[in-house]
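Below, in structure tokens: the form predicted on its own, a single chain.
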């Protein structure tokens, strides 16, 4: 078993190395025979969305052209600094067209097609930078904005029930562990709260539906705690890059924070569906069900056509 695994690993390494060495030659031959650069061949040969964008991303990330490397470096820094704008994308496309000596009078559609890919690629990276800022921002009870968002979460989930006090056992009714929810956001910081609040505020019917199902006497779970856990799952899928297929297919422009919130909403709702389907004996089976859930989502995201839409079907409680 181990011998076969090692053989496969060596074979994969061999083919990968061979491809890396031969790629410049193949590109040169194709450029001469088609009169199109690799970026043009991808844009004209692949449908818009993840199929096209992932290949453009690979091509730009592995370019050997010094000027293109510099352009990619600038875009990476802009995304890290969260300063990517439409103008930056325009200048990047203009630079690439100049470097590749592309006649846009003949290839009129190319700038727009390439620009769309650049928006998705570096918009995604900029989104990751913003998510990281939220994740590393600890909930602060002395911050009025943080407190306001927490109280709004309660009012969105429990619109007919008045919260008796900021420190209260009532928080446990929506799935926090104790009397003060502030302590439950340690792992995901403000990102966990922002995800929950977006779900409750933007999809109130679906969020309240999931909350009610989480309070089932047999198949119940802690709504807020599980939500924060799902927030971590969504964050990791985005950081690993596996979620690119969904974001590249769903985003017409820059993927942003709201796009990530929508991704979280889809995951949370789907987890609830699986949880009820599995009919766990108790909360001790959470890790088993969550592991199965993540495996299913990862498999779906490997499909280049992956696209998660929040079309919630509210089943029986």
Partner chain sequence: MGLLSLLRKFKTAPDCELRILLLGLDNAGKTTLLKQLASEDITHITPTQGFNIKSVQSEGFKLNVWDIGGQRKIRPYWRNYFENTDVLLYVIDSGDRKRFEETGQELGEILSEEKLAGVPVLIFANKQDLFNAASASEIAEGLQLHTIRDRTWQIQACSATSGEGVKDGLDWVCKNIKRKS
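Positions refer to the first chain, counted from 1. Quick caveat, the model's predicted, so the values are computed rather than measured.
FYI, the form predicted together with the partner chain isn't displayed, but the following is about it.
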{"item": "Partner proximity in the model of the complex: residue 245 to the partner chain, non-hydrogen atom cutoff 4.5 Å", "value": "no"}
{"item": "is_contact(residue 186, the partner chain) in the model of the complex, heavy atom dist at most 4.5 Å", "value": "yes"}
{"item": "Residue 177, heavy atom within 4.5 angstroms of the partner chain in the model of the complex", "value": "yes"}
{"item": "Proximity of residue 68 to the partner chain in the model of the complex, heavy atoms at 4.5 Å", "value": "no"}
{"item": "Candidate stretches 38-46, 275-283, 252-260, 54-62 - the one whose heavy atoms come within 4.5 Å of the partner chain in the model of the complex", "value": "275-283"}
{"item": "Proximity to the partner chain in the model of the complex, single hit among 226, 190, 119, 92 (heavy atom within 4.5 Å)", "value": "226"}
{"item": "Candidate from 135, 149, 166, 80 lying within 4.5 Å of the partner chain in the model of the complex - any heavy atom", "value": "135"}
{"item": "Residues from 154-175 in contact with the partner chain (non-hydrogen atom within 4.5 Å) in the model of the complex", "value": "172"}
